[in-house]
Each structure stands twice: as structure tokens, then as C-alpha cells.
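Coming up, as C-alpha cells: structure 1 and structure 2, two forms of one and the same protein chain.
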Structure 1
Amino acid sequence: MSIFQRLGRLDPRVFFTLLIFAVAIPIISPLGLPVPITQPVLDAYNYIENLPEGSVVLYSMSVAGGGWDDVGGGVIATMQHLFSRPVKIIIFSYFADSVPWVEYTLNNIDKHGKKYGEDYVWLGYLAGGEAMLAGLASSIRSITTTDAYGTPLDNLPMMKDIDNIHDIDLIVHAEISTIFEAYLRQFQAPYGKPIILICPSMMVTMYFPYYPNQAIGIIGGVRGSAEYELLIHRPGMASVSTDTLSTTHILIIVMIIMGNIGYYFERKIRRGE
């Protein structure tokens, strides 16, 4: 039997063994394979990268476990980028079950020497839905007078001169639900505040009409998150997913080509050509 015939009769166990390696290698060590950068992601990156020193960013987390795999990479990447810039960061959760994911994110990024209370503050879960957002815009202290740990805001050096939407320069909103319009109504429409949106892949088309006038940047799902990771040169969980898709697809394409080559030569042999 020629080598070409063997290609068409490859033991399926060989393919599945190779498939295991194709999946495992990017998980063990992200490859950071090239992914074309889309304009909405690049716009989000450039806006954060060019924030003036001392700018204040309000980071809203509306992400829970069910959607973390889709948008978590974008959350970590944008938070990592913000912590690398000379800006102040205020973080809060729109949903109670988002709280653990904020803690997880803060524990898994390089804070670049930023000090709690001086460079960033974690307000915890703020109840009230859209009414709460309206209250934040009017006065943060009308919604909460303490941070997530019970420390009075007035005792945190960073918060002494920050209290309402006019003190905020950028809003980053990460969600897996459909509440983005509330942020547009309470922050963007009345005050013109720029908003960067991180959302699941399936919501990108729904929110794309708001880009670039209401949402200055959109990071959509695993793909958008992987793009952002590449922009900050820190391949992470999203890059693992896109790397895995790339390596498995490459393997499947190679196996299809090999199978067709084997079939072609075996047919020639059967015909006596």
C-alpha cells in the first residue's frame, strides 16, 4: 500500500489524538495567533490609551457566571489596560451576582502599583436598576456613602473630589443582559459621556447602530476580547478560545486535504491508471 493510499485510510484514533493536542496546546500556553483587529475594538483601545492623566473612569460590571466565558476576557483586558494608565477607576456592580467576578478580575490583573483608595475604588453591588444609575449621575453619595468594604467614601482620598457624572470622563460597561440602553439614557444622552461597551457576541448586531456616536467602542464576545488582549500584548482566556478554534480548524482542513489526496490516488489505482 502506497503512502497516498494510507492517507485515505488513516486510523480515526490518530485524528482524535491530534485533535487533543490541537486543543490542549493553546490552553496550556496561549499562542496569541494573529486576529484581524476590528475598528470598534481599536476605537475602544485608542480612547483608553489616550485618556489624559488624572481622568476618572466609571467601570460598570453586569456580568455573571453564565456569560463570563464570552465577555470575561474583555473585562480582564480592559481592566488591565486601565490599571496600566495614569487614571482613576471607580468600579461598581449592577447585579449582585456580578460581585465575585469583580473580585476575580481585581485578583487576576497587574495593578501596576495602583493603591486602593488613592487610584481605584470598589463600590460593590448598588441596587436600584436604572434609578440607581440616575442617582449616580446626580450624586454617588446619594446611592452609597461607603465602598464595598464599609469604608466611608469621604475617608478615601480619591473620592474627596468625585461625586457626580461631571467628575467622570469615561464609562466602561460590561454586560451579558440587555440594559445598555439604560446607560445611554442616564449617562450618554443627557450628559454626552463616552461609553465603551463589552457585550456577548450575539448582542453586537443589536447594539452596533449605537456605534460610534453613542458607544465610542464595542468589544463583542470572545472575538472582540481576543482582539483587545492582542492590542495590550497580554494573551489571555479569549486568546485561548480563538487559538483553539484556529488550531482545530487548521487540523481539520489538513485532514480533509489528506483524505482527498488519499481518495484520489486510491481511485487511480483501482482504475489501473
Structure 2
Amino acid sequence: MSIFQRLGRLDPRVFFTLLIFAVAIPIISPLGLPVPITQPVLDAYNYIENLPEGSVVLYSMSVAGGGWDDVGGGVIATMQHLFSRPVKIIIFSYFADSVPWVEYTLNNIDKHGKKYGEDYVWLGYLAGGEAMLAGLASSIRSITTTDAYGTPLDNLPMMKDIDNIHDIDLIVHAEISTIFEAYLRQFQAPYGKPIILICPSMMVTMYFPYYPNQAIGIIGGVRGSAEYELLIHRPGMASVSTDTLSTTHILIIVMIIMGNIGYYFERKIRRGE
């Protein structure tokens, strides 16, 4: 078997080993490769940047477990951006698993002097799935009358004038599952509210048809998160991984080329026989 034929029959463990190096080397020794900003991320950034003072943002943090590494950078970056703007933020979780990550995020951002209860509120995990979203849209107090810490919403200065979707100016939704369409059905389609989506990179193709009309911006995976971090000038966990994106993708391209070379020579020899 010639070397070219072997290219088409390589043991997958060779790739796994090369992949480990392609991932590890840029993390240990960052290469500083450029990251162009894409339009969906820029649209998300510009929308938040241009929010009028006093706008109310509903932040749905529904990221948990292994997905945090993919979209966590985007969550922290958008949350940081919102906290730097003169807006009010209501945070809730669609999944119970997301609760620790909300607290992690709030503990790892600069709050720019924002006070709990006056500028931001954490409602905690709200059970009920899409029915909960429908309830939130009609009346937040029909779903929960207290925040995550048990404080009645009426005792929180910020929540005195906020009760339903009409009081919300923007929804930011971070997910690792496929619940975005529920948000479209309950918030966007009936009320026309703009939604910024933060999702894993594998779901960007699935949600792209909704951009830019229903989802005004999409921050997809590590790359989107890194772009957002660069836009707010706060490189974080996603920016660390962008070099890795470049090296691993180039490795995959090289492997595809090798595989096709091997296949071509194999077919040529078979035809010759």
C-alpha cells in the first residue's frame, strides 16, 4: 500500500492525538491570531450599546453543565455589557441547573455600582417551561411573587413598575438546548419584542433563519463569545479559545484533504486493477 493510499486509512487515534496538541498548544502559549467580528454579533452589541437609559432587559440564563464552556464567555460578556449600561436587568433561569452559573456570573463581573433591587433582580429558577414563559409575558407576578432570595417583588424598588412583557425592552436569551423557539412563540411573535440569542456554535445554523428579524443578534459558541468580549474590550474565557478554533479547524481541513488524496489514489488503483 502506497503512502498516498495510507492517507485515506489513517487510524482515528492519530487525529485525536493531533487534536489534543492543536487544542493545548494555543492555550498554553497563545498565538494572538486575529478574530474578525461578524455581523450577527455586531448587531447584538450595537443594540445593547444603543439601549436608551432606563430600558428594562429580561435576561434568560439557561446554560448549564458542559455547555458553559461553549457559551459562558458570551453570557459573562453580555451581562458585563448590560451592567455597564444605564439599564435595568431582570434575570431568571429556565432550568434549575443554570442557577449556580447565574451566581457565578454575577460574582465575576464588574457591576459598575449597580445595586440589587434597584438596578437588577434575580428571580431564580422559574419552573413550568413554555407555560412559564407565557405566564411571564402576561404577568411576572403570576409566575413568582418573590425573587430568588425570597424577597417579595413589591419590596424591590425596581419591580414596582415592571410586571409584564410590555414593560420589557429587550430579551437576552442564553441557552444550550433548543428552547429558543419557545421564546419566539411567547415573546417575539405575539409582542414583537427583540431577542438576542446566545447559543452553542452547532445551533447557529439552526437558528440563523431567524436572524435578523426575530433574533436581532446571534452570539454563537466560543467564536461569537470571543467577538463580543473583544467588542467590550474585556477578553475572557472565550478569547483564550479563539487560537484553538483556528488551529483545530485548520487541522480538520488538512485531514479532509489527506482523506481525499488517499481516497483518490485508492480509487485510481482499484480502477487500474
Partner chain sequence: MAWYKSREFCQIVTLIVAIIILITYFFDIPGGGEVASHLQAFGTIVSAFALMVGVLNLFQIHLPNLMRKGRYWYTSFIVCASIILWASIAICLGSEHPISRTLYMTVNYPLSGTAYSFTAFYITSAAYRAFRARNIDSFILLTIGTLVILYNTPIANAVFPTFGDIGDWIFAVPNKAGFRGVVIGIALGSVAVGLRTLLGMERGYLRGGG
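Here, rigid core means the biggest group of C-alpha atoms that superpose within 1.5 Å across both forms. When a residue number appears, read it as a position in the sequence of structure 1, where counting begins at 1. None of these values were measured; they are calculated from a predicted model.
Form predicted together with its partner chain - which displayed structure it is: Pick structure 2 here.
Turn of the lesser rigid segment against the greater one between structure 1 and structure 2, rounded to whole degrees: Rotation of the smaller rigid body relative to the larger: 49 degrees.
Rigid core fit between structure 1 and structure 2: Cα deviation of T17 in angstrom: A shift of 15.3 Å.
Backbone CA shift between structure 1 and structure 2, I28, after core fitting (angstrom): Between its two positions, the C-alpha of I28 lies 7.6 Å apart after core fitting.
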